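Next up: a single chain in structure tokens, the form predicted alone.
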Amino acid sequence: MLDYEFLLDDFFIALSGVPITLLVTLISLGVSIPVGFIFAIFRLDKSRFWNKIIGVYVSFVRGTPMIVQIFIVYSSIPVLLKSFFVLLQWDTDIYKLNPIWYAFIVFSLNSIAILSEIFRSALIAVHREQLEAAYSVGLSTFQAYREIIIPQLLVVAMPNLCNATTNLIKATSLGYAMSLQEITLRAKVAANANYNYVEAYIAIFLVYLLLCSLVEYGFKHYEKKLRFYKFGTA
């Protein structure tokens, strides 16, 4: 029998981890969106050296499990920083660093690879004649991308951006491996006392379902506003 009283209590405990989950998600997206867009532009120029480097990076991220990436970052960065601090003779205990900083790094690196492919496919879908037309009326490259290319690009990319964002939110559940006090870890720790793991997983399921549904609704609402730019009708 399910302990419904604990299930309700654990739901609110899991809910208390939402701010950390959202913070990691927003910071990761804030870093990965501009970097991913720049990487996408480099990927379109097949003659450049950077195209091959970025391609290897994207293949590594897409071809390895997220949990492996977390362990690599969480294990290697402290060792590298400790060696760096010893070299500079700084007396700093790197192992006391808040795990949220590792979460920012690993989820940003992962999202950069995912978003660069989303933006690359969206850029291909926008006709290059749009950029040439912008040059013909005297717009700079920055103005052309801001006023013409990016709005149309977002129309194409929005469904995939929504998927990437919801997947990122769900991926933060792996933050428990870094002792990150997010939704999953808080709910599981509360369940340890009486082994109410079934109730804990149901609570986690409900919180993520609610959170991702709200994010999906927000993206759909914004996507309707972007239809003005569809197929260059703006």
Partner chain sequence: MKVKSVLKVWKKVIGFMVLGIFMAGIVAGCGLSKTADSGSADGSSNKEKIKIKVAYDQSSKPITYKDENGNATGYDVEVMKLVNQLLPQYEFEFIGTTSDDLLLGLAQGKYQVGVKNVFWTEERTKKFLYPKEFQGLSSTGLVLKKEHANIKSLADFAAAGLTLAPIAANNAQYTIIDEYNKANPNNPVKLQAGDSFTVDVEQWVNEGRVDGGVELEGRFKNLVLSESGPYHNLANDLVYNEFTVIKTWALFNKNEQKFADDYDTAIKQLKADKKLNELSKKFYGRDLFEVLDTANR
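Numbering follows the first chain given and starts at 1. Every value quoted in this text rests on a predicted model; they were computed, and no experiment measured them.
The next section is about a form of this same protein that is not shown, the form predicted in complex with its partner chain.
Examine F42 and determine whether its closest non-hydrogen atom to its partner chain in the model of the complex is within 4.5 angstroms.
Because no heavy atom of F42 falls inside 4.5 Å of its partner chain in the model of the complex, the answer is no.
When the contact criterion is heavy atoms within 4.5 Å, does A177 count as touching its partner chain in the model of the complex?
Result yes; A177 sits at the interface with its partner chain in the model of the complex.
Indicate whether its partner chain has at least one heavy atom within 4.5 Å of a heavy atom of V79 in the model of the complex.
Within the cut-off, so yes.
Although its partner chain is absent from this view, report whether I27 comes within 4.5 Å of it in the model of the complex, heavy atoms only.
No, I27 is distant from the partner.
Please state whether all three residues F104, L109 and Y222 have a non-hydrogen atom within 4.5 angstroms of its partner chain in the model of the complex.
Not one of the three qualifies.
Quick one: name the residues from 193 to 209 with any non-hydrogen atom within 4.5 angstroms of its partner chain in the model of the complex.
A193, N194, Y195, N196, Y197 sit within 4.5 Å of the partner.
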